[in-house]
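Okay, here we've got a single chain as structure tokens, the form predicted on its own, with questions on binding and movement later.
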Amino acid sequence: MAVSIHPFDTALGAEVRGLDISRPVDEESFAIVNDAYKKHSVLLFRNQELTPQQHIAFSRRFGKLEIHVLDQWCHADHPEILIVSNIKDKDRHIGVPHAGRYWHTDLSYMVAPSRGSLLYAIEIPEQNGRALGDTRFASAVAAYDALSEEIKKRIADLSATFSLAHHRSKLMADGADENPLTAEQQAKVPVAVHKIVQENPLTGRKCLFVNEGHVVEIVGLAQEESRELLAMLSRHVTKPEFVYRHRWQVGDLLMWDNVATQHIAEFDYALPQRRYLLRTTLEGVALA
């Protein structure tokens, strides 16, 4: 079957059909997929059966992979893979238990935020035959384009601080079962500063690069003005007209552009309903 691209009826996203990722992907098929990735920002591959090695091999076609700073949840045999799961081994979480609790972009707190992520579903919680734990994606490109010219001028030269420690503190304040970063982890991810408006390194299109999960404040603004502007921009980028909602199936591989999008997971499930996914993360480039 030839590879084909089927866009969703939303501001972003498309399904790729006719591709078995467990097998080597030829150059022509890869070019089709890579072009679709740049155009649609989120790509879905259904009914995949992948080993960790195959997941990694496909991911590496798009670039070098990150070893996540939260290395306590990296795969024991394949550290390029981050485990995302609510499952416990006795009292220990085997993966990141609260991944996606707030709207965010993966690794936006890095000086060089991730280019993209590839998340593979092995176990998905269900209730009465319905999948739980949906993920919503917002187009930061469509959101920027829809801003008024007045707002675009206001934020054109503004920057914000991004922090993983801030994100962890936010989780703990909201009652999540989390621990602060270790000193070693904190040293790897000091506070980063990025412009609120970014040009996507893949496409050159302008994106609204601000999210509720990792942003601490806008540089140079009074605290109240910063808070109000961040709240307004966060509400804007996640409006329904910019959002695709993904309902997971076992065997889904979902990949997305971490500059062009942000996402949030639904936490409408709990043990004994199990969620187990594996994620690779593409290295990015330093942003302004």
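Quick caveat: nothing in here was measured; it's all calculated off a predicted structure. One-based numbering along the sequence shown.
Form predicted together with a small molecule: not shown, discussed below.
Here is the short version: of L132, V84, I155, I218, the single residue with a heavy atom within 4.5 Å of the small molecule in the predicted complex is V84. This chain appears without its partner; in the predicted complex, the one residue of L164, L119, A160, V141 with a heavy atom within 4.5 Å of the small molecule is L119. Among heavy atoms of H104, some come within 4.5 Å of the small molecule in the predicted complex. Remark: A99 counts among the residues lining the small molecule in the predicted complex, judged by a heavy atom distance of 4.5 Å or less. Put simply, A265 is close to the small molecule in the predicted complex: some heavy atom of it is within 4.5 Å.
In the predicted complex, no heavy atom of F242 sits within 4.5 Å of the small molecule. Not one of H55, F62 and H75 comes within 4.5 Å of the small molecule in the predicted complex, counting any heavy atom. Here the chain stands by itself, but in the predicted complex one stretch of 225-233, 39-47, 255-263, 23-31, 255-263, has heavy atoms within 4.5 Å of the small molecule.
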